[in-house]
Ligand code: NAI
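The chain that follows stands alone, in the form predicted alone, written as structure tokens.
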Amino acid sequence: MADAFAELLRGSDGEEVAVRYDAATETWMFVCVHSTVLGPAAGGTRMKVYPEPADALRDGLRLSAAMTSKNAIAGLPLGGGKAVLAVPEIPTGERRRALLLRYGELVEALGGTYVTACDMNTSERDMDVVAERTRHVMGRSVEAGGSGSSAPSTAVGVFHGIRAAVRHAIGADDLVGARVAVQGVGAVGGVLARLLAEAGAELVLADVVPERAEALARELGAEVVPPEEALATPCDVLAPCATGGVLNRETIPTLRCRIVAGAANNQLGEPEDADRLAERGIVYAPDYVVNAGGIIHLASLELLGEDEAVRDARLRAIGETLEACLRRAEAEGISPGQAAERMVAERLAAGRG
């Protein structure tokens, strides 16, 4: 195990990783701080069962680097970080509360280098518990003085990104009649589907919980396809809103869309997949550009003290940022993924300066 940890850390370009083993719950805690160039590292807390602790560390390192890019391109005064709680099973009740309290102590010990929030399998109520031990937490419930769930803002940001991508790739100023396949209709994808329906889009929905997709489809008058068929569904826009890594050398040849723009993190299996999409003539909206609405919501309302009007303006700006990225990609003859990376690098360089 030590050798696996060492290999991962040697291959990382991040600043530091805090590790704690919680014997009472047999949980490995990893707080990965990738960058503090633009401000304290910020990112959510993921609770998940992993095959091995090294898999959790690998996930944390990858996700923390993505948060650096997301926060930088969103123009936020934040660096990138991520925490992973590798549990033997998802805890409940007092066992969960005790784990979160000890995790909060670890975050507090970092002295503000890392600011945490919700992520996979953690909620606003969990952040309320974490906040009993640390000041460095966002996304608490409204009742506890926080701004509540950031999922709706993530969906709003993706919606603005889809509008911008359609305007750029198809030349349409609205989404009326656009066929959009939403893969995953949970907390973010469900809200996104409703926004798209209100805008006049024709929807195709897929979810690993078929009942969820079917209920939403009845509400919105949408079509439903099995999850395994979502990627190959003919559409104008494919919106991956579930797990990452869905765009890879095996799936990209099967895509039948003109645009990919969704809420899922780390949609590409590897960086080269951005070029594979470009080679197929598919416009790719880099995930960390369009799914930044959640962290924008938290930072705007809780860290920067802005009101909802300013937050909403920041969410609309996601579309403007994506358009700038797509224009740059065309002008420089590179993929949108490469253009986004260059924009991030420039903002980080300016921060160091």
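In case it trips you up, residue 1 is the first one in the sequence shown, and so on. Here the structure is a predicted model, which means the values were calculated and not measured.
One more form of this protein, predicted together with this ligand, exists but is not displayed; see below.
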query	finding
Non-hydrogen atom contact A151 with this ligand in the predicted bound form at 4.5 angstroms	yes
Any non-hydrogen atom of Q183 within 4.5 angstroms of this ligand in the predicted bound form	yes
is_contact(V209, this ligand) in the predicted bound form, heavy atom dist at most 4.5 Å	yes
Contact of K70 with this ligand in the predicted bound form (heavy atom, 4.5 Å)	yes
Among 271-279, 105-113, 188-196, 161-169, the region lying within 4.5 Å of this ligand in the predicted bound form by heavy atom distance	188-196
The unique member of V84, L238, L78, A263 whose heavy atoms fall within 4.5 Å of this ligand in the predicted bound form	A263
All of P227, N291 and G294 within 4.5 Å of this ligand in the predicted bound form, heavy atom check	yes
Contacts with this ligand in the predicted bound form - residues in 231-261 whose heavy atoms fall within 4.5 Å	C241, A242, T243
